[in-house]
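As structure tokens, one chain now follows by itself in the form predicted on its own.
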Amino acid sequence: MTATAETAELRDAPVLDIDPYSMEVLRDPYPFQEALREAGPVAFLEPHGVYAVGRHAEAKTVLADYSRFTNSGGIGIQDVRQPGDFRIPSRLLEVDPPDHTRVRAVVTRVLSPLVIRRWKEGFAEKADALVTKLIETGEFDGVQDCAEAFILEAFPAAVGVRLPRVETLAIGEMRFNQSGPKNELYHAAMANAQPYLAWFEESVQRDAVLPGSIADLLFQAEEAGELEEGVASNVVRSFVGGGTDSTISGVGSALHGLARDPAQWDKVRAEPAKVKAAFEEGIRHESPFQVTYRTTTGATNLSGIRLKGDTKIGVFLGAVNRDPRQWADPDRFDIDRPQLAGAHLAMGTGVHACIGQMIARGESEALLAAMARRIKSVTLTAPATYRTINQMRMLDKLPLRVVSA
């Protein structure tokens, strides 16, 4: 087949006149997700002038092929290379190899099996203490009293940054609204976080981090010349920004799914190894990061769709992880699904896959395991509600009742 014939067979992306950042879609994303998947392998979102992917196969390609879909424009909808949208990029998430390779190699070495084992012991102790309080209370909010309370105590000890609740959540909402367009949510979150920006900047500097933590080890690597000056604080900022809200969201989603289906909770209690699957299904079923962006490095094609160069392409993970081409009955929460951890894309794939995923899994498994050992039943006392955030799907309230085993 000639090059001319191949080009002629390419199609332009179908156009969707839907704003995925409207309050209506953020509150109920499922109709948009279905429309995106059914439009084709790639669609063009008219309101924002970006491409969008909602199918599993194409998502894997975009996330893994950094030669055609670069991270250097930022993982949000705005191009961080442009003057009006410029911000300092994450040296872990928003650079490509070879620069990314050097930084990631140091971080990977810091996250050694010995360090991870030490964290898990601490996570288990903190989880048991929290579950004791939850059982005594009987009824509580699964977000604030459980997921947030645990992660905001367990995570700082590992990463080495002090994370008071109000400040940390405000900074998180700012970062994840900042990844979307400059809409009402963006401006409100920026204003709410303003009083805490100086605190956040100071908290990720050398003299503020805890000895023996990830942050401390990264600064040691920088001092030894293994990282460029300024990279350690940049990477710590990425850990804090990506490692709190996302895990809180994942734990909340797992608890929500288990609370709605007593049979699933019974399986977790009967088979302790199922706590791993419960978390994986939670982040598949309601992906914490609903969308992440890449930028086309030049004119290219994806599954027969012609794409322009230097254009943002959003991988809508919430849609991707419910793609019926990948999973049977994808809208159902089911901890017995095969190949969960290796198939869903909630933590990315390829060289930019979430480097802190072992921390998130260690935290969630410690908490869910402690609950499964000591709690006979967990049920909803009222419907759960969600926060409206540009980039994230995150529970706001999860009213639960537990009965001690």
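Just so we're clear, the structure is a prediction, and the values are computed from it rather than from any experiment. All residue numbers are counted from 1 along the displayed sequence.
Just so it is clear, the following notes concern the form predicted in complex with a small molecule, a form of the same protein that is not shown.
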The one option of Ala360, Val42, Leu367, Leu45 with any heavy atom within 4.5 Å of the small molecule in the model of the complex is Ala360
Checked Lys60, Arg37, Arg68, His352 for heavy atoms within 4.5 Å of the small molecule in the model of the complex; positive is His352
| message | Does any part of Ser213 reach within 4.5 Å of the small molecule in the model of the complex? Heavy atoms only, please. | response | no
Does the small molecule come within 4.5 Å of any heavy atom of Met371 in the model of the complex? no
Evaluate Phe239 for contact with the small molecule in the model of the complex, applying a 4.5 angstroms cut-off between non-hydrogen atoms, and reply yes or no. yes
### Message
If we define contact as a non-hydrogen atom of the residue within 4.5 angstroms of the partner, is Arg294 a contact of the small molecule in the model of the complex?
### Response
yes
Check: in the model of the complex, does each residue in the set Ile75, Leu92 and Phe279 place a non-hydrogen atom within 4.5 angstroms of the small molecule?
Finding: yes
With a 4.5 Å heavy atom cut-off to the small molecule in the model of the complex, the contacting stretch among 162-170, 267-275, 99-107, 125-133 is 99-107
